[in-house]
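Okay, here we've got a single chain as structure tokens, the form predicted on its own, with questions on binding and movement later.
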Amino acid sequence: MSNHDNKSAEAPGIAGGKSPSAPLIETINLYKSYFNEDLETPVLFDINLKIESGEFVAIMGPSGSGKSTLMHILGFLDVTTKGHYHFKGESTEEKVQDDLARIRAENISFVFQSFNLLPRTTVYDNVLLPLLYGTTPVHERRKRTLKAIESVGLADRTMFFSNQLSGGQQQRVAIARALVTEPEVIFADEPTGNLDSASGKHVMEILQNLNKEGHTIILVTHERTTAEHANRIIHIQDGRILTDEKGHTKRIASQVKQLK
């Protein structure tokens, strides 16, 4: 057995490497610090969390709480300082950058607060963009692009430039672009932050529908009303998980029903 195999087998939560019953995402005693010369700035402390495939999880906390840093680690945009991160039952610590980039390309998509669309480019071309870097055949690219645009209710805006759209419509284009690669996990970082309340509600309803279709959604937000669209809320503050509320949406619905 190689050294890599030994490390995978010995890591907490893994018995003999990949476990078929393991959660989609698992962190064990995860810490994160940033370093500037000899100065260490701790950001995350002893993060232990499991996210199953098909969940809709909100990571909620105030500005500077560490929630975006945690999302960047879970989405392979950053790495841990100490501790373990397992994705689909496999330890990620020993993977090289090419391995992590492949996981990110094949399994993960992001939706950001600032949309990150090309302004003088059509909705179609913005959504198509992620497929240009893979091996998807041309006819399949077109099919998937149109399907993604239709799924967010913008079929009648396909050939509009993105800067001709409202903020809510632009965020829906960003969601379609995240969908087009058919990811397992969609990370949404403050997706309603630049939107009015009506547009924000529509965006969250789209994310709820995507979750019902089987996508795992991990939402990062500082707003309680936005977080309550998820089925589970993880509250983080000062780099630590304070509470993990499972089945939150179901409890709220039950309480409303009882009041009636």
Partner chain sequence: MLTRDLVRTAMNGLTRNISRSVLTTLGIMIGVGSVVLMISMGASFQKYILDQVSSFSGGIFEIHAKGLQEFGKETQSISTDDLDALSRLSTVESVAPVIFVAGKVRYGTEEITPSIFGSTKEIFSNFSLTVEHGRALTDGDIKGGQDVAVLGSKSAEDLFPSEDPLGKRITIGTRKFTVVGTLKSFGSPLMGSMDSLIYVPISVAKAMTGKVRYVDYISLQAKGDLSLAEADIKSLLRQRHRIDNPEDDPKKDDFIARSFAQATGVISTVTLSITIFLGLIAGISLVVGGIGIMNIMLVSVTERTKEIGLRKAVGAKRRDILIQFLIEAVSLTLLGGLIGIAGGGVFGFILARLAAKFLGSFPFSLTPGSILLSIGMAVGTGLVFGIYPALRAAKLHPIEALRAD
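Numbering follows the first chain given and starts at 1. Take the two forms, find the largest set of C-alpha atoms that superpose within 1.5 Å, and that set is the rigid core. Quick caveat: nothing in here was measured; it's all calculated off a predicted structure.
Although it is not shown, the form predicted in complex with the partner chain is what the next lines describe.
- When the partner chain is considered in the predicted bound form, L118 lines it closely, a heavy atom lying within 4.5 Å.
- When the partner chain is considered in the predicted bound form, D98 lines it closely, a heavy atom lying within 4.5 Å.
- In the predicted bound form, the partner chain lies farther than 4.5 Å from every heavy atom of E90.
- L128 belongs to the set of residues with a heavy atom inside 4.5 Å of the partner chain in the predicted bound form.
- Contact check at 4.5 Å (heavy atoms) against the partner chain in the predicted bound form: none of R172, I175 and K212 pass.
- Residues placing heavy atoms within 4.5 Å of the partner chain in the predicted bound form fall in a single listed stretch, namely 130 to 138, out of 130 to 138, 164 to 172, 146 to 154, 81 to 89.
- Looking at 72 to 109, the residues that come within 4.5 Å of the partner chain in the predicted bound form, counting any heavy atom, are H72, L77, D78, Q97, D98, A101, R102, R104, A105.
- Positional change of Q113 between the shown form and the other one stays under 2 Å at the C-alpha, relative to the superposed core.
- With a cut-off of 2 Å and the rigid core superposed, T136 has a Cα displacement that reaches or exceeds the cut-off between the shown form and the other one.
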